[in-house]
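A single chain comes next, written as structure tokens; it is the form predicted on its own.
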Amino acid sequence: MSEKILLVGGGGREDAVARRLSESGVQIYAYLKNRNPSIISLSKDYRIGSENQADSIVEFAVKNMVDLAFIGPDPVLETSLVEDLLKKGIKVASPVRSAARIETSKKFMRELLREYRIDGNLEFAHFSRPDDVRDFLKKNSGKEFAIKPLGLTGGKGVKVMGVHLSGVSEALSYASSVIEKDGSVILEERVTGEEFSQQVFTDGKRVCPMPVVQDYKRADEGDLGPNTGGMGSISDASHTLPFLSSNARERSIEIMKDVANALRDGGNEFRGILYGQFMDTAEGIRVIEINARFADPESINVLHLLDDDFAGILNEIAEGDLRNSVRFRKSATVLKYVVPEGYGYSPKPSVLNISFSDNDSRRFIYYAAVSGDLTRVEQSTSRSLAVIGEGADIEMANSHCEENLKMVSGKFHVRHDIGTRAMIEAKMAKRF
């Protein structure tokens, strides 16, 4: 098995990866853009630099004679890094650029689902001229659409008619601005229901599912305010969620298998983590997005529950020989991100202090876009700390999460409503 592993990325997602790798007993070599104190404390060596500088990362990996690499941030998958590492004889448990297009090009993803007749696809249209968007919206008067840039948006570039855009004129204006910036835009039919994330490990042939997670992107309680990268997330001990339809997880896993097979059949074999964002609707499961890496924050929930050797899993993925199942504890989790005051609007970073309640408590706090040490961190304008609670059910996990939040002091914002009984009961009442 690989004993030296390169980890690219310095956020909360990558801290969760580093924790599991550390438990596997491997040496971690981290390349990150911020001085994440947790990742650095777990690493044999590290380098601070731009995560999009493939040459520098490859040089760091070769210098340290790493055996295997794992890439966290999605923008890095648009670079040549994976191919460059493979050329140096370094195994990689992340997808090559052509396979990562399942995330980096929404047009590629939609057309793949259509070509292989994969369930759950949405009606969509792709445009490069504002006049064509105007004609399309006029032809489809009365219908609502999600308007998306074709490439990566960090969870913040999508705007939906009837939610973020009040009418056709605002929709056309936003679509036109995307075309002006990127050269094209994609419009997808708007669907409503409960959104959820299904992540899987895959070696290109086999697919091993993780527990279902639901994340919350809106900045303010009650799911109000602007979209963010994610304010928190929940999972249940059943590995599905109580307010989803009975076959939602099973159907989403089948779709993920079909996507992996379609990529392989099209000459773009995918090795790494596939993450599907789905909508559970009255008409069935619909695919919102397919992504080429761990979700953030949803990856922290599932990695926190992982009961298998993570380094071993990554080796099997890289070698194209993944086992048929991966074990996760049958517990619920509730995660809440500590963010700067004004996050999503005009962030005001400050200093946070962390006081661990006992020797075991550090495992409930994951460090994200911060610098400093394990007990005192400086916030950036992005997310700071992911605080998680684990319990027999979501309500108990939420109680533990709130208790763990007491270890953090300073000026910050957090959504306390995530995972509460009131939130779950409101979702249950809306079930179709």
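Keep in mind that what you see is a predicted model, and the values were worked out from it rather than measured. Residue positions are given as counts along the sequence shown, with the first one as 1.
What comes next is about the form predicted together with ligand AMP, which is not displayed.
- Contact with ligand AMP in the predicted bound form, defined as any heavy atom within 4.5 Å, is confined among 135-143, 165-173, 273-281, 314-322 to 273-281.
- Proximity of A262 to ligand AMP in the predicted bound form falls outside the 4.5 Å heavy atom cutoff.
- Not displayed here, ligand AMP is kept clear of A237 by more than 4.5 Å at the level of heavy atoms in the predicted bound form.
- In the predicted bound form, ligand AMP lies farther than 4.5 Å from every heavy atom of R206.
- The shortest heavy atom separation between M256 and ligand AMP in the predicted bound form exceeds 4.5 Å.
- Three-residue candidate spot V158, E195 and E289; every residue lies within 4.5 angstroms of ligand AMP in the predicted bound form by at least one non-hydrogen atom.
- The partner is absent here; in the predicted bound form, the one residue of T79, S245, T104, N227 having a heavy atom within 4.5 Å of ligand AMP is N227.
- Contact with ligand AMP in the predicted bound form, judged by any heavy atom within 4.5 Å, is made by just one of E189, D308, E269, E221: E189.
- If you take 235-254 and check each residue for a heavy atom within 4.5 Å of ligand AMP in the predicted bound form, you get nothing at all.
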